[in-house]
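Same protein, same chain, two forms; see structure 1 and structure 2 below, as structure tokens.
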Structure 1
């Protein structure tokens, strides 16, 4: 369908549109017109992706003189492929209506592991090894040597790509990762380097959060992106955690031992170069005197990770004199490694700010702040000079230099925390030194500053007013939308006690109480006997899940549950979990029914959908608070309290409830779907906890469903399932319309918006 939103003709590839999609587009257009940032919360399963893509591509078409580039960030490769598939559909629809004017180039960009077509490189098992294997065949010095000696291996796909020169371009179209690989094979070109090159010219780029938020990656992938771009962070409820991880570094004993090995190997390489090619080291020294900015543009293949923190003005400075010579630099790194080894030899937990830590390094190891700041780039330069391609072997020394640069650059927003062992296993010595970032705004600030509009959107952004404070920005639009439904297909319940009227909770003092464990088991058993198909259970942690499943096994509850449905469990092993999920789906498909045990902060809680018969009920056992004795969490809470005046309790509750909402949201993925959500913990009946759930869940949570025991919940579940078994009127003839045709949209104008927002 085709309709107007003010001065923009929106091309939408379906015959009907949901009212909330229309309202979402109007708010998004307001943000684009204002050239500002926005926060939009839209219920899961209401077509958020296609609404975003339709509006932004149509907006670009309406402004041909000032085209807007769309940078769409997803969290997983699976989400990236889904987004590109939607875009393909939309692009085909626009081409039918306006022909060549709709032509765009859209590419997905992922790591070499996902794009490489060279079987020798792909034989490596993990991402770092694939990257290193690629460099061994494509580094500029390897190719120079291969030109002189044809027996040296190179990558035929990269060679063909280089040979094609300026002709190596992608014709307009929408390319998924699979399309890129197929095109690369057909032409004999390397899809990874082709996609990297085309990112600059594409109208739409879809890639991972890290390409914008992690400075090491953003520095060489995203630095060319034009300012007139709209950046979308989809499924962005955890964006603050992604920002913090991008700037945090952990150093263990293994890291330091590996760094020592790396330094010894580099020393041997330097000695070798001194004997055979001393001029190269001298040339590097001279270049460093002039400053890092003078090093010019490196060949594509030699580009390694950028600096984790350096602002541009520092690049114009000369590298400090004491690390210009390669031997001196290695000597400085040895002293740093030795100092860190000494700091790990501790029996107590230590916490320090960056300023104090840098002063201590200066006193004990004689390395000043400026030297630390340049460590990462100096290492990069040295590895290029020494022509090192096995970058995966040098990850340890990279980690140390990453740590040094961050600690030398930032004076606030970080803590250095040294722990002699993991508190949960105090009998196993495992010392770790962590440079922990507490301020999510540090990683995302360059994105807000540089691009004209940044859209942060998800199904669970409640309470929405906390995000501007956490990320330190001012949105021009901040909105939450409800879900328009012809029938109440979501049934949330708060269960506070078992059939014996004893309260249930995963509070620390109650979680191992046998009465609570038994009541949780009886709840699942009763539900398994009446709910058809799939049931998903989320526990607060792996250790709690292990404990409770063991107890159920000992007292026979698990055996009774398995008479109704098969049971599958998520583990920390990705392959095992994938296998369990596949078998869970098979059991649901064949009508046997199944139960999936998962963890609220595990892999399954984030990217996996349990739509239709794969999830008719989700039970959230407890409130998924973070481990509150974690020193890193305590340091972050203290920072948030002092800097942004966010109380510890408020942040912990906000964080736990967005995670709970994310878990239960897995059950409903479209309006034709239906499902129940049980929040099994007495704490959910408190208003301060419950009010932080997204509005689209709260609007279906009736007062009568707030303080239930197991038998009352069972009665409600039976009634709900009976109601959902009736024929479903999709168009909503019975009352309120939830599917709007083109005429409805034209008639409606803005009236719908007031209804949709709250």
Structure 2
């Protein structure tokens, strides 16, 4: 369908549109007009992505002299693929209705591991070894050597790509990673470098958060993006955590040991070069005098993760004299490693600010702040000079330099915490030194500064006023949209008591109580016997899940559950979890039915949809609070209180409830879908907790469902499932419309807008 939003003609690939999608587009359009940032919350299952994509592409189409580039950031690769698939659908629709003018180039970008087509490189186990094996075949010096000696292996795909030169371009179209690989294979070009190259010219780029937020990655991939871009962070409810992670480093014993090995290896290399090719080292020295601005001239393939800190001017400064010579730099690193080793030998938890820590390094190891700041780039330069291709071997020393640069650059928003052992396992000594970032705004600041519009959107951004504070920006539009429902297709319930009427909770003092464990087990068992197809369960942590599943096994509940449905479990192993999920879906597809056990902050909760029959019921066992004794969390809470005046309790509750909402929100994907959500903890019945849930869940949470026991919940579930099984009118027969046709949209216009907001 085609309709008008103010001066923009929107092409939408479906025959109908939800009113909230329309409202969403209107707000988004206003933000684009204002060239400012915006914050939009819309429930899952209302088609955010397609609304966003069609508005932005249509916006560009109606303003051909001022095209905006769309940079779409997803959290996971499969979301990337899904977004691109939706875009494909939209693109097909637009080219049919507008013609060639609507043609765009859209690419997804991922790491070498997901894009490489060279079977020799792909044989490597993990991402880093794939990167390293790629470098071993494509680094500039390897290729120079191979030109002289044809026996040296190179990558035929990359050579072909190089040979094609400027002819190596992607024709317009939408390319998923799969398509890129297929295209690369067909043409014999390396898809990874092709995509990297095409990113500059593409109208739409879809990639992971890290490519913008992590300065190390953003430094070499995203630096050429123009200002006139719209950046979208989808599913952004966790964006503050991503930002914090991007600037945090931890150093363990293994790291330091590895770093020592790296240093020895490098020393040997330097000796070798001194004997054979002393000129190289001298040339490097001269280059460093002029500053680090060489990066731009580096061959494409020699790039790697760049400086973890941000300021651009660092590149123009000259490298301090004391680390210009390679062996001097190694000495500095050696002293740094030694100092860190000394710090790890502690029996108590220590906490320090970066300023104090730098001062202490200066007095004990004689390394000043400026030297620290240059460590990462100096290392990078040295590794290039030494022609090191086994980058995966040198990760440890990179970590150390990463740490040094961060600690030398930032004076606030960080703390250094040294713990001799994990709180929960005090008998196992495992010292760790963590540089932890507390301020999410540091990592995202360059993004806000650089791009004209940044859109932060998700199904759960409640309370919506907290995000601007956490990320320190001023949105021009900040809206939360409700969900117009044809029928009550979600049924949230708060279960406070088990079948024996005793309260259930994962509160610390109650969670190992056998009665609670049994009540939770009975709840799942009863539900498994009435709910068809898939059930998803979320637990507060891996260790809790492990414990409760084991005790269910011991007292026989698990066996009873398995008589109804198969059981699959998320484990820490990603491959295993993926396969378990795949089998779970198979079990749901074939009608056998299954239960998936998962963890609230785990990978599954973050990115996997349990829509339709893959999830008719989701049970959230407990409130997923963070581990409150964690030193890092305490430090962060303190920082938030002092800087943003956010109370500790408020933040913890906010964080726990957004995780819970995220978990339960995974069951619904469209309005034709339906699902139940059970919050199984007595604490959810308290107003201060419950009220933090997003509005679209709260509006369906009836007062009668606030304090249920297992038997009552079972009754409600039966009723609900029976009701949902009936046929219904999709357009929302009586009262207000929930599915708009083109006519309706033209007729109603802005009336929709008022209706859809809280």
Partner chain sequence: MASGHVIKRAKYKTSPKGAGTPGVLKMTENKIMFKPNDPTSASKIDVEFRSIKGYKNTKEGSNNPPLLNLSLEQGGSYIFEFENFLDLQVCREFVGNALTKSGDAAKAKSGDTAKAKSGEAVATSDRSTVTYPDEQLISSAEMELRIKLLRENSELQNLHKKFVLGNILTESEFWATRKKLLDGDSGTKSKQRVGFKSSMILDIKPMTDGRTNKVTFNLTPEIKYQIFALKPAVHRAFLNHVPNKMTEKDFWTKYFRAEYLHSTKNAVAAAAEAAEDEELAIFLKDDDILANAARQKIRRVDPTLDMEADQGDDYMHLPDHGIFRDGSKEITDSQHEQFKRTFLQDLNRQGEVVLEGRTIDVELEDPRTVAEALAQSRQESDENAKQERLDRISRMTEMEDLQAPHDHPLAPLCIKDPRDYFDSQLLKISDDTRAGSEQLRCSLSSEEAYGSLRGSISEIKAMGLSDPVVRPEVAVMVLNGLTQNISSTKFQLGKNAQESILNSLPNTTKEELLHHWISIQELLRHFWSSYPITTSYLYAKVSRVKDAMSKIYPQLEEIKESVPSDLRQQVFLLVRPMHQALDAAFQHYEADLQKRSAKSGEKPNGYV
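Numbering follows the first chain given and starts at 1. What we label the rigid core is the largest C-alpha set whose atoms superpose within 1.5 Å from one form to the other. If you're wondering where the values come from, they're calculated on a predicted model, not measured in any experiment.
Only structure 1 comes from the form predicted alone. Annotation for residue 592: C-alpha shift of 2 angstroms or more between the two structures, rigid core superposed. Once both forms are fitted on their core, a CA shift of 2 Å or more is seen for residue 501 between the two structures. Core-superposed comparison between the two structures: the Cα of residue 550 travels 2 Å or more.
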